[in-house]
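Two forms of a single protein chain come next, each set out by itself as structure tokens; they are called structure 1 and structure 2.
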Structure 1
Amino acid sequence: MYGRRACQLVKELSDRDAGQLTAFNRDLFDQVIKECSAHHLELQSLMRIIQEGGLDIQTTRNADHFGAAIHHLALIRNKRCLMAYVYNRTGTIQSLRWKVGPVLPQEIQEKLNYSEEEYFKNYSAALESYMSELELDLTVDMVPPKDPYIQVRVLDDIGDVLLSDQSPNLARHSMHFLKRTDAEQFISQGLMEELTG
């Protein structure tokens, strides 16, 4: 049935949890593209039949015309599904830049195809250029602040770090009282955890 594979692609988007990326389904994608080419060939041959029959393409309404119309509509439907698939993934990729930072860990990079990796780099560059024009880092301070300082426990060895008001030695399992904005970048990378309560 026409459009079934495209439908599967789109369903993949809703089956996963929001914000998670699955590997780019290259096989299914290529199959849908092939289907589109097949539709196009059929469409062209039907149009040729109409023309060779001496009838006017714009106004004829015979079986060939309707066949061609079906192929055309199926093609358009596949196109919309493909665009939705790619576009929706880019939305997730954009949110990754905000959550994870400018460098993606290996396990996420494997799930992107080449074009998506390029898009991520370009998006990251555009964002950084905007932030540097404003001289403001927009990726920190994501939640309304409760306290200016928070207690954190270090999960991985980081070593000596120069922060805005202190230079602590961030050894594993040590606890520190850091400024929220300084600690946020480490927390988002998973190197620290906040101690609440």
Structure 2
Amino acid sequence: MYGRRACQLVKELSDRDAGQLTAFNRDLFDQVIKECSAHHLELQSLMRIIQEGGLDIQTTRNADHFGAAIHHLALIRNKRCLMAYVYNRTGTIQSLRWKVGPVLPQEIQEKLNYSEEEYFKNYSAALESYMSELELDLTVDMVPPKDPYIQVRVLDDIGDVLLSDQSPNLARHSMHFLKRTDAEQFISQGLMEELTG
């Protein structure tokens, strides 16, 4: 039956948890592509028969026409299933870049095929380039903070620093109320910590 393998490929997407990747099913993917090639060859053969018979492709309604229509529709359906499979996996790969960062864990890398690995590298490079142009790390706060200011404690003596709206002396164990954007660089370096609660 036409389209059964393509249907299995799409069903594989619905069987997994959202945001999770299964190993790329290369075997089934290649079988669907092979089926597409067979449909394409049959379609060309039937179209050639219609043309050699001197019949108008637009108006002819015979067995060859209906056979060509079946192969054409099966080919389109298989291609749509292949595209849905690839599109869904690329969406998951993009979201992994935002959640995990520029380096994927080994257990996730093993689930990707070569094209997906290249896609992840190129997407990551494009995102890094965009963020460097903006001079802003978009992956830091995925949920916008309620308050642009945070309370921090200085863990190591930093000294006098010029910040966007003040120039405090950041002495060891001192506590300050700073803009989140000013404090993030020091927090990521381990020079201060955010106080919560």
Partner chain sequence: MASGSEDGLGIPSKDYDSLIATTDVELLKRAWQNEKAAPEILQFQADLIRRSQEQIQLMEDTVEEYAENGTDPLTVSLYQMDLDRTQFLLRSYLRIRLQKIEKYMLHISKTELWNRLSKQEQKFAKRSTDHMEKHLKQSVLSRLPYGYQSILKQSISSEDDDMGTISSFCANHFFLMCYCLFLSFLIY
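Whichever C-alpha set is largest while still superposing within 1.5 Å between the two forms counts as the rigid core. Residue indices: 1-based, along structure 1. Keep in mind that this is a model prediction, so the values were computed, not measured.
Of the two forms I pasted, which one is the form predicted alone: 1 or 2? Only structure 2 matches the form predicted alone.
Honestly, after the rigid core fit, is Glu12 moving at least 2 Å at Cα between the two structures? No, its C-alpha moves less than 2 Å.
Can we say the CA of Ile187 moves by at least 2 Å between the two structures when the core is superposed? Yes, Ile187 moves 2 Å or more.
Look at Thr22 and decide if its Cα position differs by 2 Å or more between the two structures after superposing on the rigid core. No, the C-alpha position differs by under 2 Å between the two structures.
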